[in-house]
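Next up is one chain by itself, shown in structure tokens, the form predicted on its own.
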Amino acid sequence: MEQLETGDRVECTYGGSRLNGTYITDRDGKAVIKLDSGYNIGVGRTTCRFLERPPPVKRPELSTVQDESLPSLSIISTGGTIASRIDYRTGAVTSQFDADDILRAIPGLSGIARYQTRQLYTILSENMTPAIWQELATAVHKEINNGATGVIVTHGTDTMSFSSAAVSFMVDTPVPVIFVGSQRSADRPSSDNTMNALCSATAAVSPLGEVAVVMHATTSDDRCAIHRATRVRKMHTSRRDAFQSIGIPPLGFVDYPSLNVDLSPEAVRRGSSEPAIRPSLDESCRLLYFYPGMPPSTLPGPGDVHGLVLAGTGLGHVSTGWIPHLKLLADEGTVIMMTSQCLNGRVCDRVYDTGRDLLKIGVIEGADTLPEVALVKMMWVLGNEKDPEKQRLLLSTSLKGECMGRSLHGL
């Protein structure tokens, strides 16, 4: 049987009848077929007979008009829903747009800036890796050195907080580096891609001078929030206002449709640093969320990893039965950092006996650093600093606003 590809026309047997449709994928041992009626069915793979492979759809060659008097922005496309559309042959949302497609699809962008576009990847964000973060950071740094007034990174929302934090640690930037995505694909009536893209471009020419995430601030089309890259998390699977700043207010807002920008005094301003990059990462780091009854055997063995971030309960606790195992890891050179599953508030391992025992064996308090940000930070610190004491100092210090000197009431 010919190897089937998504979009192939096939004939298959279902309930004793021969039916024609479009092959989507294999799932759970079945071939998923979209019938001509529009319904999807699962059938035995061997009952499908290849009919034809439609020719690829040719996109029209369109050019975008650029105003040379406007600031220069770079768009680096990695994929995600903002660069996706529904494939109506299959009903699936797939990454099909590149950066130039986004410019053509959102004409309002041309009134904000002129653009250089680069398609780094066309993937959904669950397929991101630390190696891709390094490529992305290198691409961002190159665009800054080439004179970009700001950089926009289009990215899938599911792991955007990981990637934005990674770039924040790896790149010192004097200009805005804005991560943006959308919760709904471009051809859905409820899509948020147009507003998010326009607000991200506006933020990218603003006085901001750090890595940030720009997404809907409310469920209405009224404004986008500007979130610090190391203090933001996706808090809902599908709402358009899924992203929230954790522990701090947003750095600012972009009103829509006026596109007025209001930055808080806490936002780093443009030109505050010189462009620099330190892209090394130590991927031998792990993140574990503790749960009651979690066996110590879940922990890596001595020498298995270089760094371990724990998302503990409350003030930063794990079972007392874990203490001897963690001590063995620490004695063998594994760097261990404690964060909290609570998200708001901070780790304080001096209140209860368990916490004091953790400090005695060398566990580092992560303050109010988010667990996933702590993981990325640990990869970066261990990748760039080999001295154990300096590693501990860096992990305990706020480098890119990832941990605050104090926790704000109500946040």
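Definition used throughout: the rigid core is the maximal C-alpha set that superposes within 1.5 Å between two forms. Just so you know, these numbers come straight off a predicted model, no measurement behind them. Note that residue numbering begins at 1 and tracks the sequence as displayed.
Not pictured, yet referred to below: the form predicted in complex with another copy of the chain.
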Report the residue, out of H325, H317, H141, H306, that has at least one non-hydrogen atom within 4.5 angstroms of another copy of the chain in the predicted complex. H317
Of G293, G271, G333, G301, which residue is found within 4.5 angstroms of another copy of the chain in the predicted complex when only non-hydrogen atoms are counted? G293
Please determine whether R278 contacts another copy of the chain in the predicted complex, using a 4.5 Å cut-off between heavy atoms. no
Could you tell me if T159 has a non-hydrogen atom within 4.5 Å of another copy of the chain in the predicted complex? yes
4.5 angstroms heavy atom contact with another copy of the chain in the predicted complex for P207: no
S238: heavy atom within 4.5 Å of another copy of the chain in the predicted complex? yes
At 4.5 Å between heavy atoms, only one of the stretches 164 to 172, 227 to 235, 70 to 78, 114 to 122 reaches another copy of the chain in the predicted complex; which one is it? 227 to 235
Could you list the residues in 367 to 392 that come within 4.5 Å of another copy of the chain in the predicted complex, counting only heavy atoms and keeping sequence order? E372, L375
Quick one: once the rigid core is lined up, does R27 have its C-alpha move by 2 Å or more between the shown form and the other one? yes
